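Taking the form predicted alone, here's one chain by itself in structure tokens.
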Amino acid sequence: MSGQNSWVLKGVRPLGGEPTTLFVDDGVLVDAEPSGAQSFDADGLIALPGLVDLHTHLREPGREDAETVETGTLAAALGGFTAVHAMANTEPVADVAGVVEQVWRLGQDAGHCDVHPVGAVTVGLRGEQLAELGAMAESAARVRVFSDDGKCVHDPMLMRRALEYLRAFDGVIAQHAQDPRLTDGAQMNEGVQSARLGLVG
């Protein structure tokens, strides 16, 4: 549909290029001015592809007091992001198909940018048992990125099983690369300063 969602961006500069005029018809760049397009003076502005945030905390479901899919995606869109990946540390945890589908549908309803739920690798982010990786991948959300967010999947056999499982549908794991055994009770980086101050490294 031309008109309301069609624009002529005058004087905009593609990154690394010279100022030019761009034509946008319903969110898509086109070669010619759409009929009924609105004009916008973009002098001094830079045209970039939509940004993608691979680590977003939308907090919904469960922590709507901190953020919602609606407010988080609106902020993302205003910042130039066309897609966000919603981390799994919701309440309940996004470790089953039902929760990732809920987050995905909330993103569809909000309509500000694409929402890609990140599924948990382990049940409850506890690092003890694999979550429903296949069910989340086959759900309406089509999850392809999995992470226990700020927690490390520290069991190497569990991680190996997860990686083998994800090969079947080209999934990836975003690992929090920290061995909890090396930081248990730690107060600062180990070194001269920690020794001098008497703090646990």
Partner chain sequence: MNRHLLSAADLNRDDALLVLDTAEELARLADRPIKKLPTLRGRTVVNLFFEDSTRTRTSFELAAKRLSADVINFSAKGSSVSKGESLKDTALTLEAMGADAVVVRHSASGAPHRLAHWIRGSVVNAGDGTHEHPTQALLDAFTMRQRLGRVEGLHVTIVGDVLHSRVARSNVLLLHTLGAEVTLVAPPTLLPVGVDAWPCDVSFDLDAVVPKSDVVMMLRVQRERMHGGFFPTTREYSRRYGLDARRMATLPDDAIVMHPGPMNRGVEIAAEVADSVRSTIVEQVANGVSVRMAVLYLLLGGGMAEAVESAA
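Only a predicted model underlies this, so the values are computations on that prediction, with no experimental measurement involved. Residue numbers count along the first chain shown, from 1.
Separately, the form predicted in complex with the partner chain exists; it is not shown, and the next lines address it.
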Practice problem: Tell me, yes or no, whether L54 is in contact with the partner chain in the predicted complex, where a contact means a heavy atom of each within 4.5 Å. | Solution: no
Quiz item: Is there any non-hydrogen atom of D65 lying within 4.5 Å of the partner chain in the predicted complex?
Solution: no
Quiz item: So in the predicted complex, does D31 come within 4.5 Å of the partner chain, heavy atom to heavy atom?
Solution: no
Self-check item: Non-hydrogen atom contact E132 with the partner chain in the predicted complex at 4.5 angstroms
Solution: yes
Practice problem: Could you work out which of H154, R161, R142, H176 is the residue within 4.5 angstroms of the partner chain in the predicted complex, going by heavy atoms? | Solution: R161
Practice problem: From the candidate stretches 162-170, 65-73, 46-54, 22-30, select the single one in contact with the partner chain in the predicted complex, where contact means a heavy atom within 4.5 Å. | Solution: 162-170
